[in-house]
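Take a look at this single chain in structure tokens; it is the form predicted on its own.
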């Protein structure tokens, strides 16, 4: 049984299988690989694309989605009066007990969480696949859709240069992993005090060496954008970072993707963003609305690749 918690846990063959399945299922909408399957959704953070695209994909495949609040599923808190004279446990139920129950009723768990440790705990006790809808470290669903989009634009055999400008966050982490696994070059630029930790850099370099990719790490956005086939950015301030909004705005100004910076990329280069975008902050209107902006293709492909991800995890013998 496979879980889907991060990109780096899987090899190129497995990931390409998902992409191939996705394309086939999207082209053959009558196929229902998830007939009779029930997938539990529990989201601690807001979601538009991840939630709607995945639910639509599961519905298209004949499956059912069950929504349950994180308070009821992910170790919800006990409600008790504040003036009790004795200590009451805060946790409503252990995650172990919760997931062992759900594993007997459902066929997969799809969760968006604040802490990645929640997902690894779920997976350690689960008898069914656990899929990461986003954590503070990884966003594998987005990365698969991004690679699908790149293969739509360039095919499967071309070695690409992908520039990422901005923060060392969950989106860039998973994007870097999947691009390196597919043998591409990633040119990353961000402020020095927001760079990757040494252990993460070693992880990226190891993947690059294993799959013949290349990872370039710089503080210069022009160096990162130069010659790129795609220029990618994300919000400079992620969910939960509102307390450092002004600080990050000051540090990341030079990394805004505008017309001048995009001109440093290859003439055919596309613009990518996982959305939601903050227009006028990390990207200008003229870039995100440019004919070579692929942001809505990426969003569409969130649904397309969810077809392949859930089919691959829940029907291992289907091909």
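Numbering follows the first chain given and starts at 1. These numbers were taken from a predicted model, which means no experiment stands behind them.
Only in words, not in the display: the form predicted together with norvaline (NVA), which the text now covers.
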property	result
Selected contact from 244, 197, 239, 223, since only one has a non-hydrogen atom within 4.5 angstroms of norvaline (NVA) in the predicted complex	239
181, 171, 111, 74 - the one with a heavy atom within 4.5 Å of norvaline (NVA) in the predicted complex	171
Segment assignment from 60 to 68, 282 to 290, 29 to 37, 269 to 277: heavy atom within 4.5 Å of norvaline (NVA) in the predicted complex	269 to 277
Touches norvaline (NVA) in the predicted complex: residue 177 (any heavy atom, 4.5 Å)	no
is_contact(residue 134, norvaline (NVA)) in the predicted complex, heavy atom dist at most 4.5 Å	yes
